[in-house]
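Let's start with one chain on its own, the form predicted alone, as structure tokens.
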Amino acid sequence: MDVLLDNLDLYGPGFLNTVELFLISAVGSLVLGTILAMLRVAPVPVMRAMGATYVTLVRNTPLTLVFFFFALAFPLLEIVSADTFGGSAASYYFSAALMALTLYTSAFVCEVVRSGINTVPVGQAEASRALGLTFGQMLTSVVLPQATRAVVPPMVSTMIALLKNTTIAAGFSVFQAGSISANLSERGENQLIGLLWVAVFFIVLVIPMTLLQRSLEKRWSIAR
């Protein structure tokens, strides 16, 4: 407990930055992943090819390489200026970590959502088309609400993986929970005890997600 209390100036900002990285990346990847899933099941071949190409490229690329691209190569393209990310190196690397985590996780979210769409009976889509609904209306009003019930367990697993992946940002100048150990070493603190507190922090974050998953599964299984 002394290691935690004596280094609250490290644990506090580190944990807050981890939570911020996770929440923003989770929302971004859920939105982008759902859009990609809609492309993957679209009736237009070009749209399906775009979604499949993105998922194939990103899902098979190591996350570390995605981080390297946004941290080192992306600035050389000069697509946006440094002022767009706040002007400082710290704000840029934080934004680069958000982009890397969001784009990488969205490929996995896409496949989870697509698997949920495939669980919806084909008759539902045919009935929607018979009623005159467009493809977008059929997906958003009929298919996706039903598919959501089937994707809760794999989606929570994807979000837990995203939470753990935030520690990779420590290697790219982003101070968060994964950076605490190195800073404790510089202060001469016991790193093993310090890492145990970091592990406890991640467990505390994962437990609510697991409870939410079980609650939703129980509620929707009764509804079925």
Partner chain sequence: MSSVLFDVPGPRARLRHRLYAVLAVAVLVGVVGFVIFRFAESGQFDGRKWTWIQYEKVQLDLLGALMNTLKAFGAGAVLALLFGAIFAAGQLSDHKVIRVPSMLVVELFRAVPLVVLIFVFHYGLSLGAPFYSVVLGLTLYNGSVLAEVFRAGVLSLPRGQSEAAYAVGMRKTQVMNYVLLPQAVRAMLPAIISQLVVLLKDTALGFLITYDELLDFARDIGSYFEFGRPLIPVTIVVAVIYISMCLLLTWLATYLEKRSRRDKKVVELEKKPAEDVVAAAV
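Positions refer to the first chain, counted from 1. Nothing here was measured: the structure is a model prediction, and the numbers come from that model.
What follows is about the form predicted in complex with its partner chain, which we do not show.
Participant: Looking in the predicted bound form, any heavy atom of Asn17 within 4.5 Å of its partner chain?
Facilitator: Output for Asn17 is no: heavy atoms all beyond 4.5 Å of its partner chain.
Participant: Check Val41 for me: does it contact its partner chain in the predicted bound form (non-hydrogen atoms, 4.5 angstroms)?
Facilitator: Yes, Val41 sits close enough to its partner chain in the predicted bound form that at least one of its heavy atoms falls within 4.5 Å.
Participant: Given that its partner chain is not shown alongside this chain, does Leu32 nevertheless sit within 4.5 Å of it in the predicted bound form, heavy atom to heavy atom?
Facilitator: Residue-level check for Leu32: no, no contact with its partner chain.
Participant: Arg48: heavy atom within 4.5 Å of its partner chain in the predicted bound form?
Facilitator: Arg48 belongs to the contact set for its partner chain.
Participant: Go through 128-157 residue by residue and record those having a heavy atom within 4.5 Å of its partner chain in the predicted bound form; state none if no residue qualifies.
Facilitator: Arg129, Phe135, Met138, Leu139, Val143, Pro154, Ser157 sit within 4.5 Å of the partner.
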